[in-house]
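In the block that follows, a single chain appears as structure tokens, in the form predicted on its own.
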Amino acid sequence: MLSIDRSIIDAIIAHARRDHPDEACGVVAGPVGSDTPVRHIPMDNAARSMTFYEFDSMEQLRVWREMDDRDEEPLVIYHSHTATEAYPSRTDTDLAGVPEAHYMLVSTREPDTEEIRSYRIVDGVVTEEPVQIVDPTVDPHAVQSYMFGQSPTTVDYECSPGR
């Protein structure tokens, strides 16, 4: 399962919509061995294509060196599909070179819909995994529904002098 912060998902979706109609691509880095994605790194699609993405080789080298210097690794490798569902194409599957990574796809085919899916791709085998979106501003133990006016007693909110 991929557990990822809502703010990172929002940034990925914004990047995908901004680059539409071309595919957007990038990575989300996290501490080595943690499987906790924390740093969104949008990258340029060197292919500038509506149907294909390719990291710019110099940018990729710079980003991978930066992650190495920060003791990070690419935990999520993402890209968008502009006219199809968020499912890896044969090309996506063939080019998946980091077996430990989560491969996230975002479809921008519908302008008002968020279609986000994540996969593990190992030796050409695609396995979809659940995505848990975490919102750190919400306490998961807090009461999330309120029942006002459900008390059997009558409450008088009128304020009168002398009471």
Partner chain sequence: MAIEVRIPTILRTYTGGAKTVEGSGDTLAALLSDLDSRHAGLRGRLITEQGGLHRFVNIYVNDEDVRFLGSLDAKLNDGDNVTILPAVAGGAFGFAAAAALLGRNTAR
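Quick caveat: nothing in here was measured; it's all calculated off a predicted structure. Numbering follows the first chain given and starts at 1.
Separately, the form predicted together with the partner chain exists; it is not shown, and the next lines address it.
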query: Which of 33 to 41, 127 to 135, 46 to 54, 109 to 117 lines the interface with the partner chain in the predicted bound form (heavy atom within 4.5 Å); finding: 46 to 54
query: Partner proximity in the predicted bound form: residue 96 to the partner chain, non-hydrogen atom cutoff 4.5 Å; finding: yes
query: Partner contact for residue 77 in the predicted bound form: the partner chain, 4.5 angstroms, heavy atom; finding: yes
query: Proximity of residue 22 to the partner chain in the predicted bound form, heavy atoms at 4.5 Å; finding: no
query: Partner contact for residue 65 in the predicted bound form: the partner chain, 4.5 angstroms, heavy atom; finding: yes
query: Residues within 4.5 Å of the partner chain in the predicted bound form, restricted to 80 to 100 and counted by heavy atom; finding: 81, 84, 89, 90, 91, 92, 94, 95, 96, 97, 98, 99, 100
